[in-house]
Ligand SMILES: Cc1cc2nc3c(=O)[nH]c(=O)nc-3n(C[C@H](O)[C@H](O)[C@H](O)COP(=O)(O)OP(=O)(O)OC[C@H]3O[C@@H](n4cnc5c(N)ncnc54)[C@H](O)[C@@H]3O)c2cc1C
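A single chain comes next, written as structure tokens; it is the form predicted alone.
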């Protein structure tokens, strides 16, 4: 008999959360802590969404993508999760850039960037201050027509080297391009500039383990291998979800799945207004990526001076199109030293990440796809050789993940790494106006991408759901 992953699940819950990314788990945890009955459904066999990991024999363990987030993550985890989780967040002090325009290492905060721009790039300090203050003051209600490229041209006209320093990491942080609204850049960049780049000591396996225990302690009913087939609506209100062939009722449903999947596949276009559907169809998916996961042999190490995050490129100029190209010129290497990710074998792990186009991989034959993965690994090792000499002799495991890999395991449409572009936020926020009790807490552009953004969006949605359920309770009483 196949295992029943819904065994002993109740027929009714106050809230059902679809998907266990950081946004979904945060929403579930807050609402359960507030006293509501919460069912968390995850289609994969592990929690975490894009913040998860996998293992290979011999003590090898890899985060599925590189992670770096602002200091605000400490505050959000302390307030909405636990002090224990917040205490495991540590700063990455070695953020390194190496490209034909410049080579430097920074702590990636405002003071250090100000010194670099003044001393190494020759920019006037007053202009630097004006730029930082302008970016820091940006908010959702600002002019959304100015693009990131126009923002840079206003403050640093003709300075492609400055643009590269300021922009390249943010492309990896939330998929922004020079053509996107400046707001999508300014808020994220300013968050990083407050105190630098941070990560979770021990890796995502330890983070998700602690989050799972916290949810369990607060009463969340978490279920893996449970794929939601539909969100059922009756008379303009959420009624239930159908999962693994079973219908379970709820007063509110929060989707942590892709926004488009939620609207067009789980709920169905016929349940929404035409104007809303037109907006939803215009929402662009964000970029996807490829990764190469490498493990050094037991006892082999990488010098800490190599950096924690290394933005490397052979391209003579910065271009978001080149960052997405199959002809890879730019890679971000994330180095997991044993003191950052302790492991029994005292291994050092390296993850290489490159932004990518979905079509470059989805149109390949099976044979060409496998060959392209092998080429990706080999080209990555060639690039790594400059920073880790004799790396092929030191590495005992290397494998690649593509946009199709992420699409398969996370069910993100087209393998999207950061959900949707900026315009997705308005559609996401508009769901409960279309269907009472239906919410979305996934990644959608602007500040709602990356670890901190998705957790904070989960907080916002949890408050919205709490308000709805309190109104329903008061109307009954």
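Small disclaimer: the values here were computed from a predicted structure and weren't measured. Positions refer to the first chain, counted from 1.
Another form exists, predicted in complex with the named molecule; not displayed. Remarks below refer to it.
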TODO: Heavy atoms, 4.5 Å, the named molecule in the predicted bound form: which of 286 to 294, 146 to 154, 339 to 347, 111 to 119 makes the cut? Say which one.
DONE: 286 to 294
Open item on the list: By the heavy atom within 4.5 Å rule, which residue out of 252, 77, 183, 257 makes contact with the named molecule in the predicted bound form?
Closed with: 257
Task: Listed residue (51, 30, 427, 435) with a non-hydrogen atom within 4.5 angstroms of the named molecule in the predicted bound form - done: 51
TODO: Would you check, heavy atoms only and a 4.5 Å threshold, whether residue 228 touches the named molecule in the predicted bound form?
DONE: yes
- [ ] May I ask you to state whether residue 61 is within 4.5 Å of the named molecule in the predicted bound form, using heavy atom distances?
- [x] no
Open item on the list: Please tell me whether any heavy atom belonging to residue 67 falls inside 4.5 Å of a heavy atom of the named molecule, as the geometry stands in the predicted bound form.
Closed with: yes
Open item on the list: I'd like to know if residue 412 sits close to the named molecule in the predicted bound form, meaning any non-hydrogen atom pair within 4.5 angstroms.
Closed with: yes
Task: Residues within stretch 10 to 48 having a non-hydrogen atom within 4.5 Å of the named molecule in the predicted bound form - done: 18, 19, 20, 21, 22, 23, 24, 41, 42, 43, 44, 48
- [ ] Relative to what we see here, could you say if residue 381 and residue 66 have their Cα atoms closer or farther apart in the predicted bound form, with a change of 3 Å or more?
- [x] farther
Open item on the list: Thinking of the 3 angstroms or more shift, are the C-alphas of residue 375 and residue 66 brought closer or pushed farther apart in the predicted bound form than in this view?
Closed with: farther
